[in-house]
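First structure 1, then structure 2: two forms of the same chain, each alone, as structure tokens.
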Structure 1
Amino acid sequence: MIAASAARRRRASAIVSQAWWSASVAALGLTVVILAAIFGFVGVRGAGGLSVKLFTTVTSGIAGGLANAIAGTLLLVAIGLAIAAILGIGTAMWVVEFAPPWAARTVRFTIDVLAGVPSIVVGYFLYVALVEGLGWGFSLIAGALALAILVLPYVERSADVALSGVPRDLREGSVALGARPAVTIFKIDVPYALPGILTGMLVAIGIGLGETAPLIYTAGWSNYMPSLAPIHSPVGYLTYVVWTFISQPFAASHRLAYAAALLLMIFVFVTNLLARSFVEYRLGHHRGR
């Protein structure tokens, strides 16, 4: 009787395990199919618009190239990410190493709330505060600040989690050897937590590349190459081309929209590939030690 009951439990457990395995494989297959469909759809329609002219000429109305939008996108994301990295990683270091428990909880709660703020609200707030309030007009710095606010929670939380995961004995050993707090942070904590920090930066880049609404309110749009002036300098960017040009009843505008979408997907793919490769290298290096 007992043996038969145990056999039934084993069979039931095997059936449940097989069902979960089958469901996991099906979910993975569906995800791959959806991703392949998106890449295929955009790739087929966007590949026809790729040419040397696309990268060397600026937009002219709804035609021309995307040199201004490509340069503007890279500048906005780079400056926004730099601002978010300085604030986010610095905040995470303070929270993990120096903040009292109540302050750490407050900062983490605030960051979580900021992550849930709609991007269009951030854009409109900066429009009122900077574009109109301070008279900056549509500008590179206003757009970069919008992206920095949006990606800051992901940079800070990933750095927070990564730094919190540093083994305590490494920190204590550093202190026992007489290292100052700054030395412990930059020589022990940061190298160990670098893969996690980089993952947050990767997520931030992907989010920054895909934003449209906050940039419409802050960066505006320009058919010219970015001037690098911090204020009164509208900037072109790829997501504006995708959002605006696809609604135009002209084949030329559709080609540019699909080409811009394809470039955005390529940028995200390459960024993921490089960052993941670096993470795997760092993890392998740590295991080898």
Structure 2
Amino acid sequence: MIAASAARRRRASAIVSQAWWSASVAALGLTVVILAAIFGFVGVRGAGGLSVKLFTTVTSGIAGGLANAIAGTLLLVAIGLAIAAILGIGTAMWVVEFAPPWAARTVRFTIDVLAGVPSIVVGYFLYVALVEGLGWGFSLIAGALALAILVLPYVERSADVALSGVPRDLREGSVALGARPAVTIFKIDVPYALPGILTGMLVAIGIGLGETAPLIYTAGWSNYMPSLAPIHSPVGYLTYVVWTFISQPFAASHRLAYAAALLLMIFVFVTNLLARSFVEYRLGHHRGR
């Protein structure tokens, strides 16, 4: 009797186990389906809007092309990333090489805190401080600074992890040979950590490309090509087109919104692919040693 009921119980838990694992694999399948659905949706609806004109003409009202938005997005991300790279990599070098433990802990903690600040809060703060407070108006620099603050934690953390991964013996060998700290950093640490640093920068590009809310408050929007004037001159960007043009009751504006979404997805896909290839290069690199 007892043996039989134990066997029955075991069979029952085997079935339960199998059922849960099926649910778990089904959940993974559903995740893949959702991602495919989004890509398919944007791909199908966006492909109709792609044309040469899209890249050569600027937006006029609710129609025209996206040249201004593409240029604006690339410009904002490039400047934002440059600022974040200088600050983030500088921070990581100091934290890994020079900082006393308490300072390293504090800096890493504040970087983590910064990563958790909602982007709209950063956007609204810069609006209050720069756009209104300093009277810069909607501008290239305000928008680029917003992106820089938002991606700084990702740049810093990946550089931090990459630099911390440099083998001690390499670094100590360099110091033992009499190299100055700066030489050790730029001749040993940076080359070794470069794939990791670049991966973080690519992740940052992906995040910067997709930001909307903080840019609405800092870069504004413009139908014209970005003027390169740092202040008093609003800048257009792709995510704005997706957000605003889809709510207009015109087929032409919808086409532009979907085309902008498709371009964003392509950009994100390419940066992801590049980031992954860096990660694989890095793994191969480490295995080779």
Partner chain sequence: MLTGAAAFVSSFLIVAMLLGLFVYAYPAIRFNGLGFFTSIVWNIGNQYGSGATVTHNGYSAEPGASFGGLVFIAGTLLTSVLAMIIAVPFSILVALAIVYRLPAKVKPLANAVVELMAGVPSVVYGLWGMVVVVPFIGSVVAPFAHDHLGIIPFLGGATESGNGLLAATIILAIMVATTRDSLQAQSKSIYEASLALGSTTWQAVTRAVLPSVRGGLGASILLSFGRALGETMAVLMICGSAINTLPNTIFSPVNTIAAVIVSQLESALTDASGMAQHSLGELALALFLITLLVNGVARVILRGAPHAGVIG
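The first residue in the sequence of structure 1 is number 1, and each one after it adds one. Not measured: the values here are computed from a predicted model. Note that the rigid core is defined as the largest set of C-alphas that superpose within 1.5 Å between two forms.
**Student:** So which is it, 1 or 2, that shows the form predicted on its own?
**Tutor:** Here the form predicted on its own corresponds to structure 1.
**Student:** So the chain behaves as two rigid parts; what rotation angle in ° separates the smaller part's two orientations between structures 1 and 2?
**Tutor:** It comes to 28 degrees of rotation for the smaller part.
**Student:** Could you tell me how many Å the Cα atom of V16 shifts between structures 1 and 2 when the rigid core is held superposed?
**Tutor:** After core superposition, the C-alpha of V16 moves 11.0 Å between structures 1 and 2.
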